[in-house]
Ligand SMILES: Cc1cc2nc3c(=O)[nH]c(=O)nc-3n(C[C@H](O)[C@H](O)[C@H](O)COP(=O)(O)OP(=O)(O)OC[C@H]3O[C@@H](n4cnc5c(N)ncnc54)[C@H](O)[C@@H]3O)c2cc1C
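Only one chain is included here, represented as structure tokens and corresponding to the form predicted on its own.
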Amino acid sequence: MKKFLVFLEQREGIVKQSSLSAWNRVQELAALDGNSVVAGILAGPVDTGQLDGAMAGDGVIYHAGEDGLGVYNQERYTRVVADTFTREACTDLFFADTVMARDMAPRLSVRIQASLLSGRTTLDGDDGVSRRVYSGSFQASFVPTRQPRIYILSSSAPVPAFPDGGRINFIDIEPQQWTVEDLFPMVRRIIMGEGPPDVAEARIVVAGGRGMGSAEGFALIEQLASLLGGAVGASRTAVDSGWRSHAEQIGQTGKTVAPALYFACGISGAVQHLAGIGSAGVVVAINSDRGAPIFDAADYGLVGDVHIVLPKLIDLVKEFLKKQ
């Protein structure tokens, strides 16, 4: 019997939606396999009541809830996950595709001597990984050469729907005895204040590119995103120009997104950008160049100056919201 372990990432005591989606996708894989069970590993002080009804299927979650794990620490987290994986005789370890996962998974691969495959977009019972390469030009397949296996699940894959929540049991893990090697001192802690959702997890993304003209031009993007309850995204050109932070960059060298609704405003649609929005639901493009490649990927397109179109669109959204 296979035993799948899913890492559930938390920030400030809130379990990330991407991790919950990864859990539900692994539950789907276990159901297809018919000979697998699913477990989770959660590190840090977390109110587990927030998970009621959010997790599909049955399973157990091992919770290391000590205060020392409240903030991510490479050595501590790696040790907790590796010890749990080995102790519970797990066969596969799954991560959502996040910055933390990309930092921790290679360390775990060395510690537990596992194959590491990233960018897995399909969970169909096959142990391999199938993903797009060269900016989406080709589909490549990768096969693990040894067991156990570690997978980083691409956030661009669709999340399966489950009709009911699961029956989840929580098991507390005893506090670890840390050694000197585990004690990396915290120099400074920076906490982002309240703001829009992470572009990689948002259901609606309003993104701007070169056509916005300047950092000030993104005020229209921010206004529309705020009205829709979405996140602000940016093309590489906008980020390289210093208009937006890299955390908002979408594309091959940025983040992969899968929102239900994606606005591309003043974005030409270079292949590198399109690689990051391949799994978006409805794509709406606004661009003054009717020959821009973004229109080939869009479900709806509007040819026009974003500085004229967006204010009118914002007014229409405001009118619609007043009637609700």
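These numbers were taken from a predicted model, which means no experiment stands behind them. Don't overthink the numbering: it's just position in the shown sequence, from 1.
In what follows, reference is made to the form predicted in complex with the named molecule, a form of this protein that is not presented.
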All three of G251, S268 and G304 touching the named molecule in the predicted bound form at 4.5 Å, heavy atom to heavy atom? yes
Checking V46, A292, I61, M55 against the named molecule in the predicted bound form, the residue with a non-hydrogen atom inside 4.5 angstroms turns out to be A292
Exactly one listed stretch (47-55, 62-70, 280-288, 29-37) reaches within 4.5 angstroms of the named molecule in the predicted bound form by non-hydrogen atoms, and it is 280-288
Exercise. Would G230 count as a contact of the named molecule in the predicted bound form, using a 4.5 angstroms cut-off between non-hydrogen atoms?
Worked result: no
| field | Contact flag, P148 vs the named molecule in the predicted bound form, heavy atom cut 4.5 Å | value | no
Given that the named molecule is not shown alongside this chain, does R111 nevertheless sit within 4.5 Å of it in the predicted bound form, heavy atom to heavy atom? no
- Query: According to a 4.5 angstroms non-hydrogen atom cut-off, is R244 in contact with the named molecule in the predicted bound form?
  - Reply: no
